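One chain comes next, on its own, written as structure tokens: the form predicted alone.
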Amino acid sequence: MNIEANKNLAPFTTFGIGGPADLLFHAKSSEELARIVLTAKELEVPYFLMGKGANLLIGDRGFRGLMIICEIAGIDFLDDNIVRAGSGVATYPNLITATVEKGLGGLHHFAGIPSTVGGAMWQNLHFLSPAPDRSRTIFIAEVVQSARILSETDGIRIVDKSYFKFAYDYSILHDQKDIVLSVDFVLKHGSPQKLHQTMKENLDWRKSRHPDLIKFGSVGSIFKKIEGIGAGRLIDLCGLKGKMHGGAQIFERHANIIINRGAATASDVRALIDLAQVTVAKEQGYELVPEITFVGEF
């Protein structure tokens, strides 16, 4: 196994932030992933698994242990409307494009959101329902049939959707060290033209509100949703849009997003998170709870 030492993690995250991991391994198959995880457990080496690094902030001092990047590939159409995808497959564009081209809808709602299949399961990937109303949140859980996992206690096994106890920004994976190896999705037949149209509308909507990840690192929303008003709206009411700390900035088009303007550190981002929490609590009376994962040493 090709394990790298003292590897900087920033390039493997959408934030472009993060210090070095003691050890880094790219798992390209279920067998490799199972073997490296079992080895880490046997040697009592702390480990963390990530995909695109799209919903986490890694500390400036890095990660003490083994960072595993899941790159398990494979998209297989099993039946008329069932697709199986490896946990390292990018939901967009890889999986979504493949399913839409076959006239299968369900995953197309999540076009433009950076995630792997495994990451989507971890966070119960979600987006708003199609235009014009966008009144409902659509979750990836709605199209999950089953998954092949490496169980913390029982080895490799097949589990159905109920096993994950999906909720908003939550799955059982937050509380157990089970690892998703592949997922079977049940999709619905639809017109490829209409599916592409919905994708375009969603991509345009995201572009109007979210930063261009080529220009600015970001992990999307920082804080959990607050029903009836929204975390971003509360931060905006406090006049914090555009506020900077070092190389990090509260995004001017969406106050629940923090961007890396090129040289931001994890400490810069944490300072803005703290500022938003303290200010909103004092001026608006609400508690902002981060939805991102903090990894490593800060």
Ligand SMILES: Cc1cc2nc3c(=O)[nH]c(=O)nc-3n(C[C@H](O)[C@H](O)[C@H](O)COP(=O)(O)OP(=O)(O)OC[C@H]3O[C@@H](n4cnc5c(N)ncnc54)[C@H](O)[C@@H]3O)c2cc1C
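The model shown is predicted, which means the values in this text are computed figures rather than measured ones. Numbering starts at 1 and runs along the sequence shown.
What comes next is about the form predicted in complex with the ligand, which is not displayed.
Between the ligand and the residues L66, M50, A27, A248, the one pair within 4.5 Å by heavy atoms in the predicted complex involves M50. Checking Y163, Y170, F127, Y92 against the ligand in the predicted complex, a heavy atom within 4.5 Å turns up for just one residue: F127. At the 4.5 Å threshold, heavy atoms of N256 stay clear of the ligand in the predicted complex, well away from it. Although the partner is absent here, D184 sits far enough away that none of its heavy atoms falls within 4.5 Å of the ligand in the predicted complex.
Taking the partner from the other structure, the ligand in the predicted complex has a heavy atom within 4.5 Å of a heavy atom of N55. For the chain shown alone, T99 is not a contact residue for the ligand in the predicted complex, no non-hydrogen atom being within 4.5 angstroms. In short, of 189-197, 219-227, 73-81, 99-107 it is 219-227 that has heavy atoms within 4.5 Å of the ligand in the predicted complex. Taking the partner from elsewhere, every residue among T14, G118 and L213 has a non-hydrogen atom within 4.5 angstroms of the ligand in the predicted complex. Although the ligand is not shown here, in the predicted complex the stretch 161-182 places heavy atoms of L173, D178, I179, V180 within 4.5 Å of it, in sequence order.
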